[in-house]
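Encoded as structure tokens, the following chain is the form predicted on its own, with no partner shown.
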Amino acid sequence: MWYYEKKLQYPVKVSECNPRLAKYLIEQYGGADGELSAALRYLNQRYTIPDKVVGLLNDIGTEEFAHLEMIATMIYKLTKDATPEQLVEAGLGPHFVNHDHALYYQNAAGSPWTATYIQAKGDPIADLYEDIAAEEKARATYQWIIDISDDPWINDSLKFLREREIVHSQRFHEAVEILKEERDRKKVF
């Protein structure tokens, strides 16, 4: 189903070890509006979406896994050389005690990822509006992380991800219009 190319969708570089920034990025790793939630939401919803737009959910859901890989790489690079003291100072002490430097699906506040973050109503238009909202919330979160980040290389990658959220939102809007047109077409039997 997928072809895995052993490189990131967009390059990820970091200026220096920065566990504080990594803590904020964890929101996009395991938070409600993060990349894992998006990927699972779209790949789950595709089973009850009309054929006219099913490919869109498959494509974007797959791309979200590539984004998850980028976020994981950022977090790893920002923390791999951090001392336990630096992690504690950044608010990652409980994470370190439970997981050392390993990544774990949780939000920036430390709450573990949960399936309640994803939605699937079964109504294609309702689900697509949920997807639009998810993309816009992810876009906003990326912007807020950029606003507090002082790492130009990380910001470059985050700007790429933010722009992809905008494109996904636009594509979901197009899918809604396709389904509304189909729904409103007169049916003659």
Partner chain sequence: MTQQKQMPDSYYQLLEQIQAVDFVLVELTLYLDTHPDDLDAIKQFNQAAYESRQLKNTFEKQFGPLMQFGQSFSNYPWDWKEAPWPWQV
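Predicted model only: the values in this text are computed from it and were never measured. Positions refer to the first chain, counted from 1.
Not pictured, yet referred to below: the form predicted in complex with its partner chain.
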(request) Scan Asp150, Glu69, Asp123, Glu136 and let me know which has any heavy atom within 4.5 Å of its partner chain in the predicted complex. (result) Glu69
(request) State the residue from Leu56, Ile145, Ile132, Leu40 whose non-hydrogen atoms include one within 4.5 Å of its partner chain in the predicted complex. (result) Leu56
(message) I'd like to check something about Ile49: if you look in the predicted complex, is any of its heavy atoms closer than or equal to 4.5 Å to a heavy atom of its partner chain?
(response) no
(request) Decide whether Gln9 counts as a contact residue for its partner chain in the predicted complex under a heavy atom distance cut-off of 4.5 Å. (result) yes
(message) Check Glu16 for me: does it contact its partner chain in the predicted complex (non-hydrogen atoms, 4.5 angstroms)?
(response) no
(request) Considering only heavy atoms, tell me if Arg162 and its partner chain come within 4.5 Å of each other in the predicted complex. (result) no
(request) Sort through 123-131, 27-35, 40-48, 59-67 and report the only stretch with a non-hydrogen atom within 4.5 Å of its partner chain in the predicted complex. (result) 59-67
(message) Pick out the residues of 156-172 whose heavy atoms come within 4.5 Å of its partner chain in the predicted complex.
(response) Phe160, Arg164, Val167, His168, Arg171
